[in-house]
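Here's a solo chain for you in structure tokens, the form predicted on its own.
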Amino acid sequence: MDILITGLLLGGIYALMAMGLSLQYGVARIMNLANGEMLVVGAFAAFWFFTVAQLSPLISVFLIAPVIFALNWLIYQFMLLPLVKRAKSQGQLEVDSILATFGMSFILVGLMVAVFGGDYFNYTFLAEPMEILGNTYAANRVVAFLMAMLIGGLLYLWLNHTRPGMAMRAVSVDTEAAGLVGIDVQRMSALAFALGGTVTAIGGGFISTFQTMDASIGILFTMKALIIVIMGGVGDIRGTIVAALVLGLLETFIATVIDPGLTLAAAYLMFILVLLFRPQGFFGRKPS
């Protein structure tokens, strides 16, 4: 039971960092290699508000959300949209966006080092123990898990039960067909990229309550988020959450039963098996 609960808590953390990339890649068709850096930006912001203003991350992450949304909207409009317009195929757009966002990740790291320094940072928030079914877990990890499920549930409902959400889903399925029925594809793509960046930064704020970070740690989050998004099915929030929980359970089982040093190897092995036998992911659509 301890492995199950610990794995679910870890999976919830993974879901927090992967849902934003799922929106950006699934709808806007942008493979954002700066996703992890945006998570660290959210973590830095939560850290700053807590240490300077004594403001709870449960509040500060939502205060910075509009700023992060605007920042990602501007990044899409001025840096990525020209790439979208000139791309003659989806393959070319993916290559161009990978190169552009890879460079953007270095810019964000440089800015964070300049503003906050290159040292590690952490702070104490809800670090007290919480008992669940006879076992003890850190309250901040439980809160992060609950917030991941809440954000994921709200995103799923919005995408499936509102007109903008359904328009966004239509763009993720077929951009040309969506444009033919009157959907503003460019606006929906920009909205998806900005919303994805915002969700990622909010996730970073909650993760910072128990994870020691520095400006250069973003690449680790990006790679793990990419594995989860592809495993779950590109653009499917439900699949992203399920894949994150499965990965959390797998890594916890390997670390507890076999060897903690093999968790990353197990994650990549599972990723390779998914690519080989179900390349569309758990909930992805088979290519027609």
Partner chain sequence: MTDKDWRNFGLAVVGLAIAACLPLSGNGYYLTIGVTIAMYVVLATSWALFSGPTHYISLATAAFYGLGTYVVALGIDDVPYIVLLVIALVVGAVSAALVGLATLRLSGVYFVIFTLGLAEMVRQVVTWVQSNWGGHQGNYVLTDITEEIIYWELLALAACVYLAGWLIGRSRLGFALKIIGNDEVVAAHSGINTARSKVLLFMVSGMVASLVGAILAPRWTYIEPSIAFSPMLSFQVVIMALLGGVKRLWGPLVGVIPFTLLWEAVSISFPNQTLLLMGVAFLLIVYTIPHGFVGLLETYSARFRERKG
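Residue numbers count along the first chain shown, from 1. Computed from a predicted model, the values in this text were never measured in an experiment.
Although it is not shown, the form predicted in complex with the partner chain is what the next lines describe.
Between the options 123, 106, 116, 158, the residue in contact with the partner chain in the model of the complex by a heavy atom within 4.5 angstroms is 106. Checking 185, 71, 143, 83 against the partner chain in the model of the complex, a heavy atom within 4.5 Å turns up for just one residue: 83.
Annotated contact segment (heavy atom within 4.5 Å of the partner chain in the model of the complex): 225-233, selected among 42-50, 225-233, 55-63, 239-247. At a distance threshold of 4.5 angstroms between non-hydrogen atoms, residue 14 is out of contact with the partner chain in the model of the complex. Using a 4.5 angstroms limit between non-hydrogen atoms, residue 67 is distant from the partner chain in the model of the complex. Mapping the unseen interface onto this chain, residue 252 falls outside it, with no heavy atom inside 4.5 Å of the partner chain in the model of the complex. Heavy atoms of residue 94 reach within 4.5 Å of the partner chain in the model of the complex, making it an interface residue.
Heavy atoms closer than or equal to 4.5 Å to the partner chain in the model of the complex belong, across 187-219, to one residue only: 219.
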